[in-house]
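Only one chain is included here, represented as structure tokens and corresponding to the form predicted alone.
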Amino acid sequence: MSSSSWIKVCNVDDLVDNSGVCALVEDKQVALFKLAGADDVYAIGNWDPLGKANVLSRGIIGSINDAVVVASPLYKQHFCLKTGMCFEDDDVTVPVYATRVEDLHVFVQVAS
């Protein structure tokens, strides 16, 4: 049986609006994204399963329909920041991590 814990990763001010930052959370590379004018922080796995590299934090933020996405810098597939689903290939997803902001600190929930 696995449990989960909240890990303090950074300050909100460490994040650049509409851009990604990679953080090592326990043994996982996590891509963090904060949208301009929003209080929420999104966290997905940094590993691009199609490009086979840790690059998603370097992708471009955008939207498809009502979904906020990041476009991989390698082959430009779009990954939903809420679900991890790849828009170009339904069989491909990346991990999504719960986040919370408390006293200007960003926490990411990881399973252990």
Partner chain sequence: MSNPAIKVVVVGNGMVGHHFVEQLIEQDIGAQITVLSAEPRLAYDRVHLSEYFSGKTADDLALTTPEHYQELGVAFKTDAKVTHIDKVAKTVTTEQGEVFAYDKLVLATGSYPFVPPIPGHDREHSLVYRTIEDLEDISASAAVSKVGVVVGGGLLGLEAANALKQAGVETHVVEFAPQLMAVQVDQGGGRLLRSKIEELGVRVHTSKATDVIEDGEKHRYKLCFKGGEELETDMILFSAGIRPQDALAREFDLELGERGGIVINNQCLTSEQDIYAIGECALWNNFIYGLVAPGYNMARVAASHIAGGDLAFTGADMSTKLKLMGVDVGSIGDAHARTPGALSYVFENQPEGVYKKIIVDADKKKLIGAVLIGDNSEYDTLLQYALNGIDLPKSPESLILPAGAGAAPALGADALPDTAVICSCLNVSKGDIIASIDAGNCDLPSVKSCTKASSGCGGCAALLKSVVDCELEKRGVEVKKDICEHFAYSRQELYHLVKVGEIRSFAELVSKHGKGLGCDICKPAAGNILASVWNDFILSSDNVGLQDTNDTYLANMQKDGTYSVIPRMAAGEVTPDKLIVLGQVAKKYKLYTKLTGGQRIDLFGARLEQLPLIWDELLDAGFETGHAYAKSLRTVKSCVGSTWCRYGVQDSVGQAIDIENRYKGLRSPHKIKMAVSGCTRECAEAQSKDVGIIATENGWNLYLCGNGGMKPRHADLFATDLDTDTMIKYIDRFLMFYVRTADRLQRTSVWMDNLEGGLDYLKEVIIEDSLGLAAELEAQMQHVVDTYECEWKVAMSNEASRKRFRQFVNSKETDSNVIFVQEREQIRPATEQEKQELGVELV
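Everything quoted here is computed from the prediction, not taken from an experiment. Numbering follows the first chain given and starts at 1.
Although it is not shown, the form predicted together with its partner chain is what the next lines describe.
For residue 104, is any heavy atom within 4.5 Å of its partner chain in the predicted bound form, or not? Looking in the predicted bound form, residue contacts with its partner chain do not include residue 104, since no heavy atom lies within 4.5 Å.
Although the partner isn't part of this model, could you tell me whether residue 94 comes within 4.5 Å of its partner chain in the predicted bound form, counting any heavy atom of the residue? Looking in the predicted bound form, residue contacts with its partner chain do not include residue 94, since no heavy atom lies within 4.5 Å.
Could you confirm whether residue 54 comes within 4.5 Å of its partner chain in the predicted bound form, counting heavy atoms only? Residue-level check for residue 54: yes, a contact with its partner chain.
Would residue 89 sit within 4.5 Å of its partner chain in the predicted bound form, counting heavy atoms only? Because no heavy atom of residue 89 falls inside 4.5 Å of its partner chain in the predicted bound form, the answer is no.
Counting only non-hydrogen atoms and a 4.5 Å cut-off, give the residues of 47-73 close to its partner chain in the predicted bound form. The stretch 47-73, when checked against its partner chain in the predicted bound form, contributes 47, 51, 52, 53, 54, 55, 58, 60, 61, 62, 63, 64, 65, 68, 71, 73 at the 4.5 Å heavy-atom cut-off.
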